[in-house]
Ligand code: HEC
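Here we start with a single chain on its own, the form predicted alone, put down as structure tokens.
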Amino acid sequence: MLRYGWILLVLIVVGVLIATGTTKAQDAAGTPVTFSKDVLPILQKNCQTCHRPGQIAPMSLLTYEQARPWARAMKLRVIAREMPPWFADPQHGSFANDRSLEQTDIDTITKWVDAGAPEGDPKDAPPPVEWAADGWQLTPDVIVRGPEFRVPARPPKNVIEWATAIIPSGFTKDTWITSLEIKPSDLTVTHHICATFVPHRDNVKYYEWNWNESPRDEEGVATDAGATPFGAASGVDAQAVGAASGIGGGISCYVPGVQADDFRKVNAARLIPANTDIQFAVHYTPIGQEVIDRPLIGFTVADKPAEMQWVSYAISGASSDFAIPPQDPNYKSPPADAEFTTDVWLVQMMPHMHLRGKDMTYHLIYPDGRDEIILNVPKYDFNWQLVYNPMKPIFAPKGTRLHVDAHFNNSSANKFNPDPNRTVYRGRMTWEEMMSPFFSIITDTKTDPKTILKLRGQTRIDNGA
């Protein structure tokens, strides 16, 4: 009888535990998902970088009042994984700046919308994120005003050629910069703004725009595939690479969706020699009304020399052989291929193509022949020029090659295609094409940036976006 009593007691205890667990599960299931407690933390982590005043997104999502009218649209976009934009294939690498949502976050937003998008108790909300003032992504120590550019409403053939101008940097002594951000004043017309540091010339004319007119047909398309070279010719040596990339660590660009360059995250910096000038290279798109853009460039500076230097490059596989046939849905570009002449660490990649861009894949081919895919973007989107920062810097020993492949869709199935019935050549306008894998490396400060990269085959330096 005693034995049966113990069995009965165990059954009672188990029954109580099951009942208690069931009740708790029911309570958890019945707890409403609210904006303040559940949704706002997701927006702060993944969305507010763009969805706030002064940034590229069309609406702000800082508060409940701002987010509530967009609740249903938010649900649809996150379920489709269209927002936040993130295009890296997760099978090849993990990235420190990955803003894509976990499935649990998507489920939370869906439940919130399905429940009527309640605000909940404002006391449950996390503190607001302290964003930099005036639309900056970073809080700069130094701000340099760029040259003003007047974008005409309707230029001839609707084309505004790339233009360049030189301005003084304002650095009167050698300075290590630890971050850099280019900030246009009008995002609606800005295709890109790139900046490089260049040696000062005594006869330089500051704030004066210069450009070359390309021969174009009635529709504004370049009629000479070689009329818009992107920089040094093929087969150049490392010295030409360094010259084309400027001094102080190469090129930095603003393009839609890009994040500011913050070298501090990898304990690096860029050395800007005293009295260096800044060259701006810009490309604007007319929108039917005159607009004046007044760009700024902001820096944070170090109080001591860095242990590692950050160097950025843009190379191009769009050689003179680059020509996308009409209605070709999967044209493979000539590759971009370069060899590192010293030990480096890859810290950033940014694929860049135009409206027909389809995919881009970055390979590291090591001296022992091993081929590693370090970034695969299988569905490229021209509207979001994202940078991809590996979770940890990727070591590439001396002799390693960076090999980049890309495909383009020039068929009628591409809804962004301006004209699928013509051959598309390399060019600077969005209705032409580029194949430009941007990337950044860090290496020791004793290495001359001009000697780091050796171009292979038809690969060339690309001087802009």
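These numbers were taken from a predicted model, which means no experiment stands behind them. The first residue of the sequence shown is number 1, and the count goes up from there.
Here the subject shifts to the form predicted in complex with this ligand, a form of this protein not shown in this document.
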* Of Val387, Val78, Ala117, Val344, which one comes within 4.5 Å of this ligand in the predicted complex, counting heavy atoms only? -> Val78
* Looking at Ile167, Met83, Val377, Leu364, which has any heavy atom no more than 4.5 Å from this ligand in the predicted complex? -> Met83
* Asked: Does the 4.5 Å heavy atom contact test between Leu61 and this ligand in the predicted complex come out positive?
  -> yes
* Consider Phe416 of the chain shown here, and say whether it contacts this ligand in the predicted complex, taking contact as heavy atoms within 4.5 Å. => no
* Is Asn46 a contact residue for this ligand in the predicted complex, using a 4.5 Å heavy atom cut-off? -> yes
* Answer yes if any heavy atom of Arg264 is within 4.5 Å of a heavy atom of this ligand in the predicted complex; otherwise answer no. => no
* Could you tell me which stretch in 97-105, 187-195, 295-303, 315-323 has residues with non-hydrogen atoms within 4.5 Å of this ligand in the predicted complex? => 97-105
* Taking this ligand in the predicted complex, which residues along 50-78 bring a heavy atom to within 4.5 Å of it? -> Cys50, His51, Ile56, Ala57, Pro58, Met59, Leu61, Trp70, Ala73, Met74, Arg77, Val78
